[in-house]
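There is one chain below, alone, in structure tokens, taken in the form predicted on its own.
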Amino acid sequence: MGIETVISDEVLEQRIRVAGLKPTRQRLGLGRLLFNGISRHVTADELFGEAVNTGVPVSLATVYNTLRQFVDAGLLREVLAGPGRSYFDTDISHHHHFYHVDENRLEDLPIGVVSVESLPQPPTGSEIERVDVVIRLRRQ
């Protein structure tokens, strides 16, 4: 998966602008937490906790809204691990995941270990955007 490097505030601000968003104080603060040098999976609640612990002044609603805006702008990828369980992935490359149910943890799978064949023809007027595979694991 693509490992990110720590980016400066100027680069983060430019990245947000290029994505079509205004680099507000809240977006920059959450962006610093998200794009901190490693690819990661985070829930909105986890990111909110990190924001509170590091003094980023945001509400939980702002965290949810910002994550949605970052996904829509192509800065993050949302991974649905189950009903009501969304993770936000800073690695936006095409890859699949293990979901450790007992730990509520998402893990990247190496590229090429999952093969998806024989996809159905999409309905008229639609096209397949991407295929996400989440393999759910439970301890024995």
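Just so you know, these numbers come straight off a predicted model, no measurement behind them. Position 1 is the first residue in the sequence shown; the rest follow in order.
One more form of this protein should be noted, the form predicted in complex with another copy of the chain, which is absent from this view; the next part is about it.
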H100, P122 and S126 - do all three of these have some heavy atom no more than 4.5 Å from another copy of the chain in the model of the complex? yes
Please pick out the stretch from 54-62, 25-33, 109-117, 40-48 that is in contact with another copy of the chain in the model of the complex, where contact means heavy atoms within 4.5 Å. 109-117
Taking any heavy atom pair closer than or equal to 4.5 Å as contact, tell me whether V131 reaches another copy of the chain in the model of the complex. yes
Interface membership of L137, another copy of the chain in the model of the complex, 4.5 Å heavy atom rule: yes
Hey, in the model of the complex, does L67 get a heavy atom within 4.5 angstroms of another copy of the chain? no
G82: heavy atom within 4.5 Å of another copy of the chain in the model of the complex? yes
